[in-house]
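Shown below, as structure tokens, is a lone chain in the form predicted on its own; questions about how it binds or moves come after it.
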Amino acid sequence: MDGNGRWAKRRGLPRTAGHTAGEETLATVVREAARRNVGWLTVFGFSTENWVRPPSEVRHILGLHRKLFGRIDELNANNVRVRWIGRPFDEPGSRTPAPIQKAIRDAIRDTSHNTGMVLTVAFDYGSRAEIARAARLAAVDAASSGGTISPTAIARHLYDPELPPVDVLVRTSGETRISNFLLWQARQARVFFTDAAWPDFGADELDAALALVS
């Protein structure tokens, strides 16, 4: 979801205003994707690298994520089930603050009965860290069982082994490169590039991305 800061700068607004607009765009995209019977929508909310941003910007983004996970009534109204991927809270290196941890757990619990689209939020997430951790755990298994470190063994130890392969990877704001996002899961994905900054991403862009696999 790139381009929040650039979107704000073009309008003479602080970067935080771009993040606020981006959070509202995400709510809109979730509704539109659910209406189109998308099965799984995974969004890169906050990366392991984002902690180096200015503290005031990080605090603002954290507040927006707490608000996002708190939209329980809206998520339930759209039959959306929440999941999360990122550095496990109880493992070394995790930096997710306790209030965000609680918001994530509450959202997962309070939407678990829904049967529609699965919204997975990647928070404190980095794909290389995910793969390295999975390979390390697969190596422990192999050492104890005499097996081998296979792709299947690594996949079993990803943050969410049930997350399906990515069909379409969306890059906004004119970015024409992939990010440190779902590198394992997106190995055969189509990639949709758009010049629209994330706050300007709407139904038309969503439909164009979905058309790549229709």
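Values in this document were obtained by computation on a predicted structure and should not be read as measured data. Numbers follow the displayed sequence, beginning with 1.
Omitted from view is the form predicted in complex with a small molecule, to which the following refers.
- request: From the candidate stretches 145 to 153, 34 to 42, 179 to 187, 55 to 63, select the single one in contact with the small molecule in the predicted bound form, where contact means a heavy atom within 4.5 Å.
  value: Flagged stretch: 55 to 63.
task: Answer for N50 alone: is it within 4.5 Å of the small molecule in the predicted bound form, judged on heavy atom distances?
output: N50: yes, in contact with the small molecule in the predicted bound form.
query: How about A209: is it within 4.5 Å of the small molecule in the predicted bound form, going by heavy atoms?
result: Result no; A209 lies far from the small molecule in the predicted bound form.
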